[in-house]
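Here we start with a single chain on its own, the form predicted on its own, put down as structure tokens.
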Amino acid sequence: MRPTYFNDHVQETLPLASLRRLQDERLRQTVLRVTTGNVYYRKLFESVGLDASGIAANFRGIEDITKLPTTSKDDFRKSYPLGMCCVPKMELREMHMSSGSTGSPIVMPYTVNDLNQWAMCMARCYRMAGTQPGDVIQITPTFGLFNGGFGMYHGARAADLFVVPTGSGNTERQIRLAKDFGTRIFGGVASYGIRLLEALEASGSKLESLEIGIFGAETFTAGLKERLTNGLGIEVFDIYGMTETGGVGTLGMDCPAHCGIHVWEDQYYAEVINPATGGNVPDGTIGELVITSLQREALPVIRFRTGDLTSIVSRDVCECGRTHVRIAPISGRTDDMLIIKGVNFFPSQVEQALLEIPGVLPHYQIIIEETDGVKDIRVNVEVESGVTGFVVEKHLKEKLGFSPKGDVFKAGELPRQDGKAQRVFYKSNDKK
């Protein structure tokens, strides 16, 4: 493996002792920023018995991080639109937001330095995937309030890539532009990569220039990654970031060794906790990822409970030479666990089980049907000719522990979305 780095490799390959000293210094600065620059944060610190006016003076750094309060999406919603912002509004230069399914939107504001930090994190991801200046990247996420399009764009500019900013949808045009401009890198949500693959298979064509796929924004199972890798004939990378941390790529990506997602530890500190107790869990144990930003200005996050489930894979130096911690691909969310007929499972487990069946295609629906308070599940899935509903049901029973209802459909019969794919639907059959 010949590693590639953005600008110089020093920050990405810091010895662990040096990395910890840098984290300590930056965490102390962040604690000072939020406690002196924001009323909401000061009250939050005081709510757990911390003296917000004096904590920065005695705060040692990472070893004291568990003394700090945790934050969540609820804090963003309560403080909408800029109640957690730590700089004057006149210093802001951009904002993005995600609405979620309920409540006020979650807003992330940016200073000039925040935008540069985001671009740097994304550029690191591009270089880690093997891109070179002048490579053509096709950016397919929406350019708007959703951070995906702009995040990939900011990073591509920093990495000196040739940007084809298509945005989402119009797959036929996407293919034509990729052929006309010689696209080498394709960036988007994982489900749109599948849509591109389907369109290419239907037309019997290939994208000869395409070599790298960078996908994120959705739970990315091994089965789906394998389907994209083999179907498109490219190397596939799992990129990670969220609105609350500053957007796509801010947290990191897997390297060519594909043995976990590197978290940019000079920019963010990662913990994995037990979702029920809030205590840290041992490395290798699945829990909820908690993130603290170390360089953000406008809205740093302190021990932000992401809701994402993962584990620490390794803290050792990686094959790629990077020293930053590696976490497992996100396996689900604490708030999307389903309980049907006494069995607990996550939608990603359904996807992984489906894609283990030969002839099953990566488009499916999980429909939760509730009748008078009793929940049942229906799994609809697209399949190739010869795959029966019995085969699907039998395999799901072996993997999940119960037999879901459901139907099989021909390729293209289930609805598609241009952005993030919707997999789980709720249906009430109450007679009242």
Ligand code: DLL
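Start at 1 with the first residue shown and count on from there. The model shown is predicted, which means the values in this text are computed figures rather than measured ones.
Beyond the structure shown, there is the form predicted together with this ligand, which is absent from this document and is the topic of what follows.
Segment that reaches this ligand in the model of the complex - one of 325 to 333, 157 to 165, 279 to 287, 353 to 361, heavy atoms within 4.5 Å = Answer to the contact question: 325 to 333.
Considering only heavy atoms, tell me if residue 240 and this ligand come within 4.5 Å of each other in the model of the complex.
-> Contact check for residue 240: yes, within 4.5 Å of this ligand in the model of the complex.
Going by a heavy atom distance of 4.5 Å, is residue 269 a contact of this ligand in the model of the complex?
-> No, no contact at 4.5 Å.
Any of the heavy atoms of residue 219 lying within 4.5 Å of this ligand in the model of the complex?
-> Within the cut-off, so yes.
Would residue 104 show up as a contact with this ligand in the model of the complex if we use heavy atoms at 4.5 Å?
-> Looking in the model of the complex, residue contacts with this ligand do not include residue 104, since no heavy atom lies within 4.5 Å.
Could you check which residue among 174, 147, 183, 293 gets a heavy atom within 4.5 Å of this ligand in the model of the complex?
-> By the 4.5 Å criterion, the partner-contacting residue is 147.
Can you pick the one in 98, 274, 113, 229 that has a heavy atom within 4.5 Å of this ligand in the model of the complex?
-> Selected option: 98.
Report yes if all three of 34, 121 and 297 come within 4.5 Å of this ligand in the model of the complex by some heavy atom, otherwise no.
-> Verified in the model of the complex; spot residues all out of contact, no.
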